[in-house]
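Okay, here we've got a single chain as C-alpha cells, the form predicted alone, with questions on binding and movement later.
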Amino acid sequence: MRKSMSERKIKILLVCLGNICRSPTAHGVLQRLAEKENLANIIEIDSAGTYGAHVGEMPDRRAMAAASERGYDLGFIRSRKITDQDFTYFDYILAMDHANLADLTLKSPSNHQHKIKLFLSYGSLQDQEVPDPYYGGKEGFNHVLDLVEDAAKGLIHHIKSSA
C-alpha cells in the first residue's frame, strides 16, 4: 500500500558544482515555497555540490543578497559535497545543469539513477539549465532566481499532484 504524503517525507536534494550559488538559492526558494504551501513538514530539502572546494562555507554573498531582496533567507545553508548515501536517502536529486547531471549519473548506483533530473525540467520556461552566475554580475544572480522560482513552483505542483 502506498503511503500518503502526510505519512512519508519527500526528500529533495538540489545539486550544482560548488554548492555556493545555484543550489543554495534553489534550496532557499524551495524551502520558502514549501512553507508557504504548508508542506514544510512533509518535504525535506537539502543542497550539495559535486565539487568539495567550499565545504562548510555559507552561500556566495551575492547570491544571499539577491535572494534577500526577494525575501529568501539562505543564511542557514552551508556548502557540502554530495555523498554516496545521498543517492539512497533522497527521492529527488535535481541538477542545475547538464554537467552536474552527468557527474551525478556517473556517481550514482544504477538503481538510483531514476531520481536524477535537471531541476528546470519542472519549470515552464524554455531554459534547461541554471547558468552559473559566479563570474558575472548582479543580473546573473537575479536570472538564477527567476529560473529557480519557476522550477520550484513546478516541482511543488508536481509533488502535490502526485500525492
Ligand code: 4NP
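Just so it is clear, the model here is predicted, and its values are computed rather than measured. When you see a residue number, it is the position in the sequence shown, counting from 1.
FYI, the form predicted in complex with 4-nitrophenyl phosphate isn't displayed, but the following is about it.
- Mapping the unseen interface onto this chain, residue 155 falls outside it, with no heavy atom inside 4.5 Å of 4-nitrophenyl phosphate in the predicted complex.
- Under a 4.5 angstroms non-hydrogen atom cutoff, 4-nitrophenyl phosphate in the predicted complex lacks residue 123 among its neighbouring residues.
- When contacts are judged by a 4.5 Å heavy atom cut-off, residue 16 counts as touching 4-nitrophenyl phosphate in the predicted complex.
- Although the partner is absent here, residue 145 sits far enough away that none of its heavy atoms falls within 4.5 Å of 4-nitrophenyl phosphate in the predicted complex.
- For the options 103, 44, 129, 132, the one in contact with 4-nitrophenyl phosphate in the predicted complex, meaning a heavy atom within 4.5 Å, is 132.
- Shown without its partner, this chain lists 107, 54, 32, 117 as candidates; in the predicted complex, only 54 has a non-hydrogen atom within 4.5 angstroms of 4-nitrophenyl phosphate.
- Only one segment in the set 33-41, 108-116, 134-142, 65-73 has residues whose heavy atoms sit within 4.5 Å of 4-nitrophenyl phosphate in the predicted complex; it is 134-142.
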